[in-house]
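Just one chain is shown here, as structure tokens, and it is the form predicted alone.
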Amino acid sequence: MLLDPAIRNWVLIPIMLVMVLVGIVRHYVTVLLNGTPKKADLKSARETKALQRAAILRAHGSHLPEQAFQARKSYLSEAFEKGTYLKDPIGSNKPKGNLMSDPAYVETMMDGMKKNIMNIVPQTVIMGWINFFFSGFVLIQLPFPLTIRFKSMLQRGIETQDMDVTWVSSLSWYFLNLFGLQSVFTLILGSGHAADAMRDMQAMSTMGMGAAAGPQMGPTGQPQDMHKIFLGEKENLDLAEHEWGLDDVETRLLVKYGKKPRSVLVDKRTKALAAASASAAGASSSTPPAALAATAAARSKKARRQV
């Protein structure tokens, strides 16, 4: 099959140029809509950073000595229980009012909707333009073979089963440019540009609610109850166990570099397990079974870490 060279000059290249120009214009319009960046709320940032601090402590507590770990753990658990880091400690248990009466929430939601409209409208207009003027056009043939599974992706708008899968229709060329021009936009506009096709797809699926949801918003766009989140994080901290990462580090280094046999660590592990079992068996009968099990599990875990 031969293609008319006019298709290249009047269909293929114009579609690509229009999409590049529209992406550049949309980027600058989005920058104008953003306006002056707002200052971050100190109390809201403190809530988020407190949760991050607890998560970092649970994940990397092995780099701290046990005394330092327990001190941080006790401090954060007490602060979460008392609501020290809450934005509004007094009104944390009060029922939430109507969100639409909150000017900050309404302003955030409107900003998100304006940005999403700037992402959706240009792509909708371009797709309608291509469907109206270039419906059924075959624009280009790919220079490499493909399997039949790519036919539905590369030949949208062309109802035929006999055409080779390497031919590309006008509508498929639009989608290829939509996701393939990101490197061109990065080269022209720099990193962090607003001409992002993935943002368009997310905007079409969320229709403005996703962008309006800030760090304090849930999946449905409703504010989260930070007091309950803090209590949940307190439970996670209470269950966290400390494992000092430098236990027997000298012996482990000597074993690693072949200065001592590996059986040294195995013997230490066996002795540690025996000591944990003996201490659990010889504990007072007044000690709760759950506490005994937790102590034995912690000692066994530390012993296994030494190997």
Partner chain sequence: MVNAAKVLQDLRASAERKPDVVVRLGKPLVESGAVMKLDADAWLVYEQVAIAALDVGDDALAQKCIQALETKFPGSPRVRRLNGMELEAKGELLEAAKIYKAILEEDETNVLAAKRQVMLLRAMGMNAEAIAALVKYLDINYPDFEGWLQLADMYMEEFMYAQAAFCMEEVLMLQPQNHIFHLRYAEILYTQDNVQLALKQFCRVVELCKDHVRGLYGIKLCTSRLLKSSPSKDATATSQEDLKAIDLLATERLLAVYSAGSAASAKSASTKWIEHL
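As the structure is a prediction and not an experimental result, all values here were calculated from the model. Positions refer to the first chain, counted from 1. Here the rigid core means the biggest group of C-alpha atoms that line up within 1.5 Å when the two forms are laid on top of each other.
One more form of this protein exists, namely the form predicted together with its partner chain; it is left out here, but the text below deals with it.
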Q: Can you work out whether its partner chain is within 4.5 angstroms of a heavy atom in all three of K82, D238 and H242 in the predicted bound form?
A: no
Q. Given that the partner is absent here, does P65 sit within 4.5 Å of its partner chain in the predicted bound form, heavy atoms only?
A. yes
Q | Contact of R262 with its partner chain in the predicted bound form (heavy atom, 4.5 Å) | A | no
Q | its partner chain contact at T251 in the predicted bound form, heavy atom, 4.5 Å | A | yes
Q) Is there any non-hydrogen atom of L42 lying within 4.5 Å of its partner chain in the predicted bound form? A) yes
Q | in the predicted bound form: members of 47-83 within 4.5 Å of its partner chain, any heavy atom | A | K49, Q52, R53, I56, L57, H60, G61, H63, L64, P65, A68, R72
Q. Under a superposition restricted to the rigid core, does F132 display a Cα displacement of 2 angstroms or more between this form and the one not shown?
A. no
**Q.** C-alpha of Y75 off by 2 Å or more between this form and the one not shown on rigid core
**A.** yes
Q. Rigid core fitted, then: does H242 show a CA shift of 2 angstroms or greater between this form and the one not shown?
A. yes
